[in-house]
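Read the single chain below, which is given as structure tokens and is the form predicted on its own.
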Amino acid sequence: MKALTSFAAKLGAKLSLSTGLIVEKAGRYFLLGKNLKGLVKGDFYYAGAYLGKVKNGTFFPSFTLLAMLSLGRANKIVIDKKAAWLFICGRDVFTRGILSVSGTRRKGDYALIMSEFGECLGFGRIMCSLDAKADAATVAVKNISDVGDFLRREL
């Protein structure tokens, strides 16, 4: 559970899930409903909503978890349509593509990347202070994980 809360804290969010409904198996975390929790005893491959995994001491969130975190208070950067398309293709976000920022604006912090329609596209690390007027061609957010990753891995 500590891996989940630590990751949420990096995004300026608080994870408000019942700890009794979160199950860890082999470094993978799942959120189960009350009824499903009673059925899952010991050995299972997948159950409920997959939240992410810990690999070599690093937590890798699922997009389900990112979507859950985006519903509450968190560091969020809303980007325009063109920047959104480039982001889900694996590209970084340039300052010219940013529509709004909520939460932290400091270099080195993490933020959820949101489309202008409220969809969570992934997350990244802020590469320059978003308070200062930076050149439009400056990389503002380094892409860490985006929803297009799944499709790129399938090729």
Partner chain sequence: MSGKEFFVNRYRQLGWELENAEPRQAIRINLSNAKDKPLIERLRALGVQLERVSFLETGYWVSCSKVSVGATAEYLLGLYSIQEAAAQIPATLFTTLKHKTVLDACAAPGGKTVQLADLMENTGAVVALDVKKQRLTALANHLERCHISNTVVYNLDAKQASRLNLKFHRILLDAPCSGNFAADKAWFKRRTLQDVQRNAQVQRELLAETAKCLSDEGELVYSTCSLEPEENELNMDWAVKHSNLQIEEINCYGQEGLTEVFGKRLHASVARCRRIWPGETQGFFVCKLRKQVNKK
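Residue numbers count along the first chain shown, from 1. Keep in mind it's a predicted model, so treat the numbers as computed, not measured. Rigid core (definition): largest C-alpha set, two forms, superposition within 1.5 Å.
Separately, the form predicted in complex with the partner chain exists; it is not shown, and the next lines address it.
With the partner omitted from this view, the residue of 128, 40, 101, 86 that lies near the partner chain in the model of the complex is 40 [heavy atom within 4.5 Å].
Taking a 4.5 Å heavy atom cutoff to the partner chain in the model of the complex, the contact residue among 120, 69, 93, 111 is 120.
Within 4.5 Å of any heavy atom of the partner chain in the model of the complex lies no heavy atom of residue 144. The shortest heavy atom separation between residue 36 and the partner chain in the model of the complex is within 4.5 Å.
Of the heavy atoms in residue 59, none are within 4.5 Å of the partner chain in the model of the complex. Within this chain, residue 47 lines the site of the partner chain in the model of the complex, having a heavy atom no more than 4.5 Å away. The partner is not shown here, and in the model of the complex the stretch 1-26 never reaches within 4.5 angstroms of the partner chain through any heavy atom. Fitting the two forms on the rigid core leaves the C-alpha of residue 42 displaced by at least 2 angstroms between the shown form and the other one.
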